[in-house]
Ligand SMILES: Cc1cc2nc3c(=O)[nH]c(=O)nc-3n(C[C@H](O)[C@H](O)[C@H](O)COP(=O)(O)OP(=O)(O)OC[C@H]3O[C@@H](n4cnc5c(N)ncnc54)[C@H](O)[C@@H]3O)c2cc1C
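This document starts with one chain, in the form predicted on its own, laid out as structure tokens.
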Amino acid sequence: MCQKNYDVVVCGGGVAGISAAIAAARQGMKTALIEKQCLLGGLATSGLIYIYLPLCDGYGNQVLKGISEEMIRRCVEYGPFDVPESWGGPEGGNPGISGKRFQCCFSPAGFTLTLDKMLQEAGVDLWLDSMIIDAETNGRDLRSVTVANASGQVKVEAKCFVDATGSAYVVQIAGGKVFRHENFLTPWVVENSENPEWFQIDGSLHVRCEGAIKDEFKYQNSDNGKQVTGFVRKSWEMLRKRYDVLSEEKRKKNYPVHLPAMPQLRKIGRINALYTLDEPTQKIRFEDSIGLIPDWRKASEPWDTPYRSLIPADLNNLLAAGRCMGTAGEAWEVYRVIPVAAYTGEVAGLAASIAVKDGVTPADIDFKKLKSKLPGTGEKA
């Protein structure tokens, strides 16, 4: 079996994984990013969840910076949408205003092109069409992952890993504990329409969101292949119902253009973290705070975030970022979205770099070193 060696290996090419890989590479780490699809961006792109949710608190205050801000300003590069002028547009520079969120839509395909450019600029070694099929551990240490692609099976070793799979898949196959969650079916689709209900793109092509099915269909076991298939086929059934009521003439003008290439599961699996966030933390100040997180659902005081929520309790040289970090309950809903995934990915990449340089586990790094590199907007009082 062929073997490759890196300082940091990031598993999962969604927004969190891309941010982690870029952050590690910018710190001088020999970094690989492994993605099972031939698209980058995960749910944001191949999943067609095309809205970059807010980086602000809803009162005109920007909360997130760093790679998360880089991405929102660059995600409109290849598409018809714009970053709000009240937040400086693509170039930045203008202050925000209360009531106008720092968010925007993007072209899924266009954002993929931008994300690849960002990885190239950082010098990340990208592995596409590469499925992680196994993990080798030594006690609590993850030594390598085995990847299957057109070259056959490849053993990929690293000094530190980041699980950004969205499902905590790497933690699971390495023997760590993973918690699952049910999902509601809320399909998004790119379609051609006479009367677009959401956002217009070049006159006719637009992306729209169907309403959620609350109790008709729930998905609970993300490690059950039959249920994954059922989840996807149910979304197709919903879309057929949408078009079946149209006349043949209407169908010539109203039809799907692109369907998601991955299950649109918002919550799949999360790690058993050293600290699990499961309730609002606006009134809490963590000693190991990595920064504040805005609530995308409403204007409110941001949530504080402990570094411990990125560290599995049962594995040493591994961090988690994005949707599979240590959150539960209401916190999982707040932390699962694009801007937060990008931010926690960056933190994981920075922490992995410090761990490699100092020869320690992520749990044992000098937190002051990490704090000095964080791109946050300030301390919480």
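Sequential numbering from 1, following the sequence displayed. Because the structure is a prediction, the values reported are computed rather than measured.
The discussion below concerns the form predicted together with the ligand, not included here.
Colleague: Are all three of 286, 312 and 316 close to the ligand in the predicted bound form, meaning a heavy atom of each within 4.5 Å?
Modeller: Judged in the predicted bound form, none of 286, 312 and 316 sits within 4.5 Å of the ligand.
Colleague: Since the chain is shown here on its own, which stretch among 23 to 31, 65 to 73, 320 to 328, 352 to 360 would lie within 4.5 Å of the ligand in the predicted bound form, judged by heavy atoms?
Modeller: Correct option: 320 to 328.
Colleague: Identify, from the list 293, 115, 273, 132, the residue with a heavy atom within 4.5 Å of the ligand in the predicted bound form.
Modeller: Partner contact (heavy atom, 4.5 Å) among the options: 132.
Colleague: Scan 308, 101, 143, 266 and let me know which has any heavy atom within 4.5 Å of the ligand in the predicted bound form.
Modeller: After the contact test, the surviving option is 266.
Colleague: Flag residue 341 as yes or no: does it have a non-hydrogen atom within 4.5 angstroms of any non-hydrogen atom of the ligand in the predicted bound form?
Modeller: Yes - in the predicted bound form, heavy atoms of residue 341 and the ligand come within 4.5 Å of each other.
Colleague: May I ask you to check whether residue 61 falls inside a 4.5 Å heavy atom distance of the ligand in the predicted bound form?
Modeller: Flag for residue 61 set to no.
Colleague: Using a 4.5 Å heavy atom cut-off, state whether residue 44 contacts the ligand in the predicted bound form.
Modeller: Judged by the heavy-atom cut-off of 4.5 Å, residue 44 is in contact with the ligand in the predicted bound form.
Colleague: Using the partner position in the predicted bound form, report whether residue 254 sits within 4.5 Å of the ligand, counting heavy atoms only.
Modeller: Contact with the ligand, no.
Colleague: For the stretch 27 to 59, I need every residue with any heavy atom inside 4.5 Å of the ligand in the predicted bound form, listed N to C.
Modeller: If the 4.5 Å heavy-atom criterion is applied to the ligand in the predicted bound form, 27 to 59 yields 34, 35, 36, 37, 41, 42, 43, 44, 49, 51, 53.
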